[in-house]
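Okay, here we've got a single chain as structure tokens, the form predicted on its own, with questions on binding and movement later.
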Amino acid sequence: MTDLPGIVITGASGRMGQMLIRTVLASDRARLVGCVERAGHAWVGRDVGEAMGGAAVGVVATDDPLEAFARAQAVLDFTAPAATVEFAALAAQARAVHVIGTTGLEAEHLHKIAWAAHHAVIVRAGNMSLGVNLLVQMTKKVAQALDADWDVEVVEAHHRRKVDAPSGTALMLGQAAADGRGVDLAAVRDAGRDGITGVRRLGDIGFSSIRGGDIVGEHDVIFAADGERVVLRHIATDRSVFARGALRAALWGQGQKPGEYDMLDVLGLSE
């Protein structure tokens, strides 16, 4: 067992954190060696199994990420942008694979993450599921085949607690459509329509966000022309698909050269 890669989970008490803990504990290819929570959190100093309402698992939550990362071969991180940037620097110091599922990252965050990737393996994706990453590839291919007379809309739905919009997955899909057409997404992005918006610009890629209930994640890419539509869809009904993908990325990252990768690399789908 001690030869298996050791995994640390950040944001351990969150819904995704707890799913990651369960996924690693259930795996015969990795072992849980640490869980990180913010200073002052009720989980700090407690066995995470007991904190989740079950039996002890022998791993105590800590508020010292560097100490935890030093014992690990990989870090699974679905937290918040500022925390993820801090964790990227610390994981790089520990030479641990850093798997980032955090969304809402902005240019300043990405710059710092790219710096950390000079020293360690980082796998970053807006969505870790196999199905979504296949959808990204399909979106790019369809966008290559259909010209700007086909309007593109990315529609996403998530639970009421999600704080960023559009989702990271929606932005991945929009970027795939832009790449397929050979255009800059920032120049054609159309989001947050309200009021008298005027007619749609030819070639724009639109985004719409729905928030409500406990929706895990739904994404549609709509290609609409006069008289016909092509709709590509992915529906996630269980967060375990993201956790399994994150663990797969952590295992794939072992032995890779320092750098920034995505799930297409992990799944062997990169062109």
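All residue numbers refer to positions in the sequence shown, first residue = 1. Just so you know, these numbers come straight off a predicted model, no measurement behind them.
One more form of this protein, predicted in complex with a small molecule, exists but is not displayed; see below.
A.B. asks: Given the small molecule in the predicted bound form, answer whether the residues T103, D164 and T169 all have a heavy atom inside 4.5 Å of it.
C.D. replies: Contact check passed for all of T103, D164 and T169.
A.B. asks: May I ask you to choose, among H159, R193, K141, R200, the residue with a heavy atom within 4.5 Å of the small molecule in the predicted bound form?
C.D. replies: Checking each option against the small molecule in the predicted bound form, the one that comes within 4.5 Å is H159.
A.B. asks: Let me know the one among M52, L66, V216, V230 whose heavy atoms come within 4.5 Å of the small molecule in the predicted bound form, would you?
C.D. replies: After the contact test, the surviving option is V216.
A.B. asks: Give a yes or no for F207: in the predicted bound form, does one of its heavy atoms lie within 4.5 Å of a heavy atom belonging to the small molecule?
C.D. replies: Heavy-atom contact with the small molecule at 4.5 Å: absent for F207.
A.B. asks: Is the gap between G126 and the small molecule in the predicted bound form 4.5 Å or less for some heavy atom pair?
C.D. replies: Contact with the small molecule, yes.
A.B. asks: When the small molecule is placed as it is in the predicted bound form, which of 24-32, 217-225, 66-74, 53-61 ends up with heavy atoms within 4.5 Å of it?
C.D. replies: Every other range fails; the passing one is 217-225.
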